[in-house]
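Starting off, we have a lone chain in the form predicted on its own, written out as structure tokens.
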């Protein structure tokens, strides 16, 4: 949905821009702007929920202050949204909308605004995921997936077909389990349990599952969401997952971005922005360098580069894998020496 973001004087992003596609894997060292990009999207969501200023009503933001400008793909290509931020603490508190005049422009902004309000960002926490949750908290997955039990229980009840697909995929990826179930706790909450394929279908509580199993289950929960958000941001997409399972992580996220490839042509694509420090996950995008965003940092200034824009990429790929090229520093996007 978002075609590009321009940054000016925002944290380390002094003068930077990033083009975004349906699926975006952002790589780079710490402090290079990966999390700042996600924070910018979350701030856009927050301010979209408040009354907005319009370009013809609001004077231009302070030219010296931090500013973020968002550009969009059709049907919202004629709209631009600017976030103006405080110079001292980088808090963006003003949203200015530039849209075509008249009622048609207002309608376009209303449609875009409704989708911006669905932006979600996740950094999974396996300790939180293993805890029981209140059934009433199952509307949407929390940012740390701490309400995983409630979300999956609600999905089984409201969207049994979607839950069945998720459970089938879970069994395929983790064949030691035969399925998922739920049980109430003495405190009135709901607990997630997994049924083993052996030992007579023994029930294992979520806190007995491995970190990797819980992370995979959370990713499948996103991938098989029957009512997904417009944009999903996932920090540390490789977290807790064995390198041999990273292809499954990639394919699950692809399911969101490319629904037509998995028989869901009627569903709108979800724009995915995922960060990683894994050269193994990067290797899986060798055939799709347009999906890789390289974050660089020189001194105190950070910038973004779309990997497919590199003129020397084809030549470099003849010499080594994409992950090795990044790890060695040839591509850039590594910590400074």
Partner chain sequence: MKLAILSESPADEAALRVLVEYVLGAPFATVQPALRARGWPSVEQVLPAILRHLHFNTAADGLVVVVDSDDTVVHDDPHEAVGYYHPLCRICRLRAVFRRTLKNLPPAHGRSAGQQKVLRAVGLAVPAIEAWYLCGRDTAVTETAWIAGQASGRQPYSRRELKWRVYGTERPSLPFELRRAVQEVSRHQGDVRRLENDFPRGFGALAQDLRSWRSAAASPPAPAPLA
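Residue numbers count along the first chain shown, from 1. Computed from a predicted model, the values in this text were never measured in an experiment.
Keep in mind the form predicted together with the partner chain is missing from the figure; the text below concerns it.
- The stretch among 208 to 216, 241 to 249, 191 to 199, 77 to 85 whose residues place heavy atoms within 4.5 Å of the partner chain in the predicted complex is 241 to 249.
- Taking the partner from the other structure, the partner chain in the predicted complex has a heavy atom within 4.5 Å of a heavy atom of residue 261.
- At the 4.5 Å threshold, heavy atoms of residue 254 reach the partner chain in the predicted complex.
- Not displayed here, the partner chain is approached by residue 320 to within 4.5 Å at the level of heavy atoms in the predicted complex.
- Looking at residue 291, you'd find a heavy atom of it within 4.5 angstroms of the partner chain in the predicted complex.
- Taken together, the three residues 157, 162 and 227 all stay farther than 4.5 Å from the partner chain in the predicted complex, as judged by their closest heavy atom.
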